[in-house]
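As structure tokens, one chain now follows by itself in the form predicted alone.
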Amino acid sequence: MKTYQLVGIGNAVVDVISQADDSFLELMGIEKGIMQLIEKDRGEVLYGAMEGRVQTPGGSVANTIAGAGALGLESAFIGRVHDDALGRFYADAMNEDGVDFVNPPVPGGELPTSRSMIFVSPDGERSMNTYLGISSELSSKDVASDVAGSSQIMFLEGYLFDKEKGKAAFLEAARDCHKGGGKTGIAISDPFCVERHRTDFLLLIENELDFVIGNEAEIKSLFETDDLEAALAKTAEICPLVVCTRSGDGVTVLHDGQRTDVPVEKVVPVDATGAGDQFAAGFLYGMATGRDYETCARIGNVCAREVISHIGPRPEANMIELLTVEGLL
């Protein structure tokens, strides 16, 4: 069985991007500048109305794994897609990006492949309409124990906690990874996800995980406080490694009682989509290759800085060359 340096589990979502002016958004009843969850029928209407569609494989942890794969890690992604045109596109695109998409598209799947219809306005605003589809049906049967058990690092996506079978798959995967000597961690995903699953998140972090990565709002939401320092301290009490991104204020890393604050170079983003995902890609790359945590954070910062310099959630530059110039490789 192949050994992986990094394995991710999360939503496999095709990002479908199209240009649209404000009159089109109004005509279609699309709220500008926000992300909305939509149902299947609405998704089909919007997909059919898109002109000049550009499709890319997406999903938060999938973007992280793709970023780490671009840095050279032996990486795999576990997600659920239907054996339809979008599902086959997704699987092929991940494999072409150097990431093993280990689950074949599901023939006769219960739902279509997940997709997010993203309408980009002339002013740069992105209006996202996401149909979760088959990816949210991921369960233990989608997570091969030999893949989980042969991973050096396993990274889990908090959004999958919205269904009980997703939680069960997480637990089994984390335990299989630990049995094989690997480390497991989670991307908290967003504060609203924490609000829905706070108790389960805290139990998972305390009893099953080796690290947690989140931003200020997500870390504070874990303990229902506006005091970031208090939230960081409480999270560090239950987890050996806590990584908190704080936008322009840098990154805070807490590990076994030691704190490291790493500054960032402030830049004006072209598109902030994917900043957290690519930070995680760089940080996990550093972990997998034995760097100290300050260097991991610095690598993550460079990856985040690159992705916000253009439209789209995945790197466009040669990140190995960029990190070499920065003296980090």
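Quantities reported herein were computed from a predicted structural model and do not represent experimental measurements. Superpose the two forms; the largest set of C-alphas matching within 1.5 Å is the rigid core. From 1 onward, residues are counted along the sequence shown.
Another form exists, predicted in complex with a small molecule; not displayed. Remarks below refer to it.
Novice: Please tell me which of L204, I186, A148, V251 lies within 4.5 Å of the small molecule in the predicted bound form, judged by heavy atoms.
Specialist: Filtering the options by heavy-atom distance leaves V251.
Novice: Could you tell me which one of V264, L46, I30, I38 places a heavy atom within 4.5 Å of the small molecule in the predicted bound form?
Specialist: For this set of options, the contacting one is V264.
Novice: Verify the contact flag for A68: yes if a non-hydrogen atom of it lies within 4.5 Å of a non-hydrogen atom of the small molecule in the predicted bound form, no if not.
Specialist: No, A68 is distant from the partner.
Novice: Is S139 near the small molecule? Define near as a heavy atom within 4.5 Å, in the predicted bound form.
Specialist: S139 lies outside the contact set for the small molecule.
Novice: Do T113 and the small molecule come within 4.5 Å of each other in the predicted bound form, heavy atoms counted?
Specialist: Looking in the predicted bound form, residue contacts with the small molecule do not include T113, since no heavy atom lies within 4.5 Å.
Novice: May I ask you to check whether C296 falls inside a 4.5 Å heavy atom distance of the small molecule in the predicted bound form?
Specialist: No - in the predicted bound form, heavy atoms of C296 and the small molecule never come within 4.5 Å of each other.
Novice: Is it true that P269, A275 and N301 each have at least one non-hydrogen atom within 4.5 Å of the small molecule in the predicted bound form?
Specialist: Yes: each residue has a heavy atom within 4.5 Å of the partner.
Novice: Which is the contacting stretch out of 275-283, 22-30, 288-296, 38-46, given heavy atoms within 4.5 Å of the small molecule in the predicted bound form?
Specialist: Result for this chain: 275-283.
Novice: Please say whether, between this form and the one not shown, the C-alpha of G33 moves by 2 Å or more once the core is aligned.
Specialist: It does shift by 2 Å or more.
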